[in-house]
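Let's start with one chain on its own, the form predicted alone, as C-alpha cells.
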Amino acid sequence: IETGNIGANGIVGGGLPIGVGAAMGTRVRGGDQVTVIYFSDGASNNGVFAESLNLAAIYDLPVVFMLENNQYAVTSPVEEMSRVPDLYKRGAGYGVEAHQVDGNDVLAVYEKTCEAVDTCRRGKGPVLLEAKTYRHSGHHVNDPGAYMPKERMEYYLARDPVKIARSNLIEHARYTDGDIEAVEQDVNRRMEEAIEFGKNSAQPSVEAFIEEVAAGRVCTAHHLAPAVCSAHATANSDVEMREIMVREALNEAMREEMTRDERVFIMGEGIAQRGGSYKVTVGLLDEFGPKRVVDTPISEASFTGMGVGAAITGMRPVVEILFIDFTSLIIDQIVNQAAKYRFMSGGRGRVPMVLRTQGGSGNGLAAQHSQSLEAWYYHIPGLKVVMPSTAYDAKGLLKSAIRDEYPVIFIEHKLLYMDKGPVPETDYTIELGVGDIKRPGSDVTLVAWSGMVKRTLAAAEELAAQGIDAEVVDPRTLVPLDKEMILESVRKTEHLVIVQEAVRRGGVASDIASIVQEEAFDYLDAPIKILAGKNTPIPFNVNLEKACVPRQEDIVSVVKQMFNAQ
C-alpha cells in the first residue's frame, strides 16, 4: 500500500472502477501520478469494464488499462466469448487511445507501457493496452487444461516470456548465463526465506483480529455521548439555534466538511449543475468547482467503485446514489470491495467513504423506488449504517460519517427532506453509535429510526392522552448500535415495541429484539412487539402504499393491545 500497490482482487473486474477512482483522486488533489490497472480478457466482458473505460475517458483520467489477454476466461476461449477477439479495438468506442503489444516480449511491453504513462502525464489519457499472451496451464491447480489445444500450447511455450527475456539480456545487454543464473538463485533464496517466514510466524491473535480489523457491530461506549444529543435536548441550552430543512442541514454538512478538508469531494448523478433531485447539493458546484462536485453518468457500479478507489488512496469521497433501490447495482463495490478492504489489507488500508442514498415509501413511487433496504448493509461486517430522522441529526451525523475511517452507508428518507427542525449555528458533530431519546417516558419503550420516528412520536403523544407514557428511542446509527440506551430504557419501562418501515422478514428490528431478549429478558413484563412493513413490494397506488407500512394508528393499537393483554 505504501508503495502505491492497492492490491489484487478476488472479483473478476472488481478492481477496474477502483483503479479509476485512484486516478480520480489524483485529478482532485493534483499531481503527476498515473494509475495502471491490470485485468484479464475475461474481465473485459464485465459491464464495469465498459463503464470504467467511459468514466476514465470523460474525466481525462491518468489511467493505463493493461489488459492481459491470455486467451482464456477460466475455460472459455476468447474467440468464442468476443466477436472481435482483438480486445484493444474496444477503446475506439469510448474515444480512448488503444494499442496491442506482444505480451510475451518483456521489452515490448515495457516500452509501450512507458509511452502510455507519458501520454497520461501529458493529460492525454486514458490509454488501453492489450498484451496478447497465452496461459501455460489450466485456470487453477486442479484444472489440467485439457480443453487447450496441444499444438497451440507448444507454440506459446516456445515463446515463453522468461525465455525471450533471457535471450534478449544475453544478446543485447551483455549478460552471461552465469549472471542470469546468479539472479535466479538470489530470487529462489528470497522466495524460500519468505515461505519459511510465513511457516514460522505465530498465528494471529483472535482478539487483535476482532479489535483492529472487524468493524464494531454494537456500541457500548455510552459514556461517550456528545454534549448536545438532539434538538429537543438543546431547547434550554445556550446554543443559538435556527430552523432549517433536513436537505439544508445535509447541504451545510457537506459544505463545511469540504471547506475544512480539501480531500472531501462529492459525486453522483445530477448533483452538480442541477443540485440533486432533492436539492441537497445546491450551490456546491459554484463554491467548489467541477473537480470536487462531479456529475456522473448513469453508471452506479463504476462510479461507486471510483469512490472506493479514491478513498483507498487518501481522499474522502461522498457518493450519492439517488434511490437505495439502485444500490442493488453496486453491491459488489460496497460489499466485496469497500467493506472488506481494511480486513483484506490486514488493517493497513482504509476506505473513508460515505455512500449517501435515500429510501422508504411515500409519494407513490412504486416498487422499484420505495424500498427500505437497511438490513442488507446492517448484515455486512465492515460497514457502518446511519439513518437520521431530524435536521439536527442529519447534519451532525453526516459530518461525523465524512470524518470516519470506515465506509458509511448514510440512508436518508425521501419524506423528511422538507421537514424543518432546530440546528445550531455553531459547528458540531454527533458521534456514530450514540442513540437519542427523542421522548422520555416510563411505561413502554418505542424504538424507531428514520421516517418511522416522526410517526412514533405522534403515536406517543396520542398514547399519553390515554394514560400511557411512551419513551421513544432513536438509535440514529444502526451500525454501531447503541444497545445500552435501548436496554436501559427497557429495564425502566419493562415493555418494548420496535417500529421499522422495512418488511418484517429478516429486518433490523428482529436483531434488536434478540439483543433485548438475551440481555434484558427478566425485565420484560410482556412479549416484545415488532411493527413492520408488510412482506410485499411497495404498490404504486397511494392507498395501498400507506397500508404496507406502519401508520400512527397502527403503533397506538399495538401498544394498547400490549397493555390490555395484561
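If you're wondering where the values come from, they're calculated on a predicted model, not measured in any experiment. Start at 1 with the first residue shown and count on from there.
The following text describes the form predicted together with a small molecule, which does not appear among the structures shown.
Participant: Find the only residue in Tyr156, Phe323, Tyr72, Phe343 having a heavy atom within 4.5 Å of the small molecule in the model of the complex.
Facilitator: When the small molecule is considered in the model of the complex, the option within 4.5 Å is Tyr72.
Participant: Would you kindly say which of Thr26, Ser40, Asn54, Ser510 lies with a heavy atom within 4.5 Å of the small molecule in the model of the complex?
Facilitator: Selected option: Ser40.
Participant: In the model of the complex, is there a heavy atom of the small molecule that lies within 4.5 Å of any heavy atom of His139, even though the partner is absent here?
Facilitator: Although the small molecule is absent here, His139 would touch it in the model of the complex, with heavy atoms inside 4.5 Å.
Participant: Hey, in the model of the complex, does Val12 get a heavy atom within 4.5 angstroms of the small molecule?
Facilitator: Result yes; Val12 sits at the interface with the small molecule in the model of the complex.
Participant: Any idea which of 181-189, 72-80, 203-211, 125-133 reaches within 4.5 Å of the small molecule in the model of the complex, heavy atoms considered?
Facilitator: Of the stretches listed, the one contacting the partner is 72-80.
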